[in-house]
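Given as structure tokens, the chain that follows is alone and in the form predicted alone.
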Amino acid sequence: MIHFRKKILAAGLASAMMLSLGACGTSGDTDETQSQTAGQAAEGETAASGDGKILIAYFTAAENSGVDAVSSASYSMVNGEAVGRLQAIAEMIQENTGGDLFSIRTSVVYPADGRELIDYAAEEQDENARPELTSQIENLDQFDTIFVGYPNWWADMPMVMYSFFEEYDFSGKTIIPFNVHNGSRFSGTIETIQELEPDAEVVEDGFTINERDVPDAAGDVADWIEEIGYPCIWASTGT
């Protein structure tokens, strides 16, 4: 099992952070801009280098339920706006790292009702389902660090996350998990990611938060980012 070392991680990825300087402080962007896929961002911008960037990939049932935001049990009110909980945490991470957001989408339309959603999640687990992915990461090679976010369903990742890890080879990359739960924290999901991506460095000191605390999580996310050695250099220097 890989053990996280803060000093090694900070030193080894200093150059990666320098490449993300101009992407910090994006909290004022529109939802449409913030939700663009990493592939679209790569097409629209020219980076100083093709390597070393940060990707923030997340799955939230809220963006895969096909219903109005206020009707979905997977949304929280953040700054007066209904936002999928994992999207909210992903955007907080982006504000502190300058990474590219990537929403993991699937052909499955998940129930909006909380009880029905959990029942459906149990059925997917029983079937060992692999939901089809409908969003794709383009030019994965440009990313060295992958933040990966997901809810905890029945002490496991949603089955679409298995589809995600089977679709992409993260060998040689650093994976940093983040998670929203209702009492079970990460359960054994970090170990599962290590098994699915044995040639990646999976950071064990991930960020996990109870779903009811998501609206007020910005400070905790910023503290965590600093603790693991990923401060936003551009924002901290004021340049």
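Because the structure is predicted, anything quoted here is derived from the model rather than measured. All residue numbers refer to positions in the sequence shown, first residue = 1.
The form predicted together with a small molecule is left out here; the points below concern that form.
For the three residues T60, A121 and P151, a heavy atom within 4.5 Å of the small molecule turns up in the predicted complex in every case. Among residues of the shown chain, A155 is one whose heavy atoms approach the small molecule to within 4.5 Å in the predicted complex. In the predicted complex, at least one heavy atom of V180 sits within 4.5 Å of a heavy atom of the small molecule.
Contact check for L117: a non-hydrogen atom falls within 4.5 Å of the small molecule in the predicted complex. When the small molecule is considered in the predicted complex, E211 lines it closely, a heavy atom lying within 4.5 Å. Residue L86 is the only one of L86, L101, I137, M92 with a heavy atom lying within 4.5 Å of the small molecule in the predicted complex.
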